[in-house]
Ligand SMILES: NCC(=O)COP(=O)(O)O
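Shown below, as structure tokens, is a lone chain in the form predicted on its own; questions about how it binds or moves come after it.
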Amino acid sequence: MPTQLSVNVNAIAMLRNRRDLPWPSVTGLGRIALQAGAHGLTVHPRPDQRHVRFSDLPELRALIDDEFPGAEFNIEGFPSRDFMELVERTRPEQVTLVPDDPSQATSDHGWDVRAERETLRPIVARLKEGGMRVSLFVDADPGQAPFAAEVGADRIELYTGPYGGCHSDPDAAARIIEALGKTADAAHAEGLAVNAGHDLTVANLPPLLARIPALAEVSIGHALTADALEFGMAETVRRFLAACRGT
């Protein structure tokens, strides 16, 4: 089955938030992405609402439920009390737990699941009891996989930021792909599915998929939004879907 594409709409929301105006419409562009074949939408609501606002979530949930019932909603974030209450109200198909500090501009590292397993275990159980799939954001480290399985996660999401940062260094990119691939291999051996996200592009997706052909899902926001300024949202989604097929 081809790798699924979840469109992260945070960058669209950040552009909208520059003005006290309702455009660009996060829901409207999410609709265009889903119409073009995206498999789902991703958001990462932060406490200061500098990207998606909490008020965006019911609208996006309704968009998927009413118009694209086969699509999925993925909500990422640090499992604070407020975040947990937010996802339990919204009921996304997937929750991706990320070890973010509120001051971070963007996600820049994964969980040390071994060190945090006693904290993560009840959080994962609570989310799964609510019917939500749980993914843990991790670095390229095969040693994290057994502990992700131990705490009850369904998936891991590979943090691919360092790979994206090697856009002009093919040797470094190859080394990081192999590290990501070994982490995916370890996760698959534990019965976990594997997602990936951060700084993925049309150009760097096919080499990653060549090493991890069973990659379940990629969530992409920054590069996809940047390309949409040039090609339009619908055509950009089609380009990324082609990259998800390795073409």
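Nothing here was measured: the structure is a model prediction, and the numbers come from that model. Counting begins at 1, following the sequence as shown.
Not pictured, yet referred to below: the form predicted together with this ligand.
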property	result
Among 192 to 200, 62 to 70, 174 to 182, 28 to 36, the region lying within 4.5 Å of this ligand in the predicted complex by heavy atom distance	192 to 200
Heavy atom of G40 within 4.5 Å of this ligand in the predicted complex	no
4.5 Å heavy atom contact, L205 and this ligand in the predicted complex	no
4.5 angstroms heavy atom contact with this ligand in the predicted complex for T3	no
Contact test in the predicted complex: I220 vs this ligand, heavy atoms, 4.5 Å	yes
Within 4.5 Å of this ligand in the predicted complex: residues from 132 to 161 (heavy atom criterion)	E157
